[in-house]
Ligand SMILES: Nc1nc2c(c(=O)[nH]1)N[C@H]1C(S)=C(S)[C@@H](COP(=O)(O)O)O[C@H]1N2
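Starting off, we have a lone chain in the form predicted on its own, written out as structure tokens.
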């Protein structure tokens, strides 16, 4: 009986979804809803489809690389991130920011190609059409939120955002990708039809042709990329006029996000009584700067790669973290380290270094940068530097390390 009833339920649901809604009163047909309110010359299903495909590819790449960054910073129990290759995060996050910025002209052109349809009359024809238009509204709102908040984050301008950027950007990304997949499922037949038909590429007077518009958008995306990629690709630095950070800028030729003064640690780091406390399962070590300098020193060349998309390479010298772990009586092959900054507060004043990075000989408690003692803004007296990790996890002004078993 239940199986026999299912087709009837489906038919009734389909009939309800397709039932025409009462037409709205004609008096509402004002402003953008009036007939002929928009000039539709230059717009076509083929143009909209091509722009949608380009934007979908950019958003998908941006989503995947952004998800990697979020999982590294907030790892669930099942996620692991390797220490090698040392520059992998530098690439994934650089691609994330580059595709996000390149999406700006793509999103603008896509909205231009469809916005007259947002004011179709009647606004909704039936319940199915109402659901479709609601999903489009979600997609547009989420896409604009992602692009605008991402640009503000790259510029480190958080005043207009009354929320924690990382959390808001992460959850809105899921909303955007879900709405994108839903929209693609609804529009796929239309896209396939539009792309299968060869339509004349001509323009009315005063309008760009389809090819001209696509070329203009492509050039704009390329210029934005070149104008910002110099914050991680050093040869492009001279022409990257929009890049907020550039390799080679800042103290000791490396950019700085948070200064010692801004973190409120200047007095603590310059205190002659500074000691690093290393707490292990067997013993606790208290080490002065002289003690740290007396341990075996190692030099590595590693990038600092920040979530804003910039990165720069430095030559770091210090004590291997695995040596400090062993000094505290723990097994470096089965240990993780909880690293705390002298900074009194802040979302990233602590970090946990997992076993793959503890074992890696490139993971240091760095004391020097470029052969000189660390500048206060780079983490003096000691900072963490590890391969293939975001800059926010490379804790500066380290005051305490707690070693515990990872098993």
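Please read these numbers as outputs of a predicted model, since none were measured by experiment. Numbering follows the first chain given and starts at 1.
Missing here is the form predicted together with this ligand; even so, the following discussion is about that form.
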Specify the contacting stretch among 374 to 382, 51 to 59, 358 to 366, 22 to 30, defined as having any heavy atom within 4.5 Å of this ligand in the predicted bound form.
-> 374 to 382
Is there a heavy atom of residue 141 lying 4.5 Å or less from a heavy atom of this ligand in the predicted bound form?
-> no
Though only this chain appears here, would residue 395 touch this ligand in the predicted bound form if you measure heavy atom gaps against 4.5 Å?
-> yes
Hey, in the predicted bound form, is residue 95 touching this ligand, heavy atoms inside 4.5 Å?
-> no
Is there a heavy atom of residue 91 lying 4.5 Å or less from a heavy atom of this ligand in the predicted bound form?
-> no
In the predicted bound form, the residue from 256, 151, 227, 289 that sits within 4.5 Å of this ligand by heavy atoms = 256
Near this ligand in the predicted bound form, with a heavy atom at 4.5 Å or closer, the residues from 131 to 160 are none
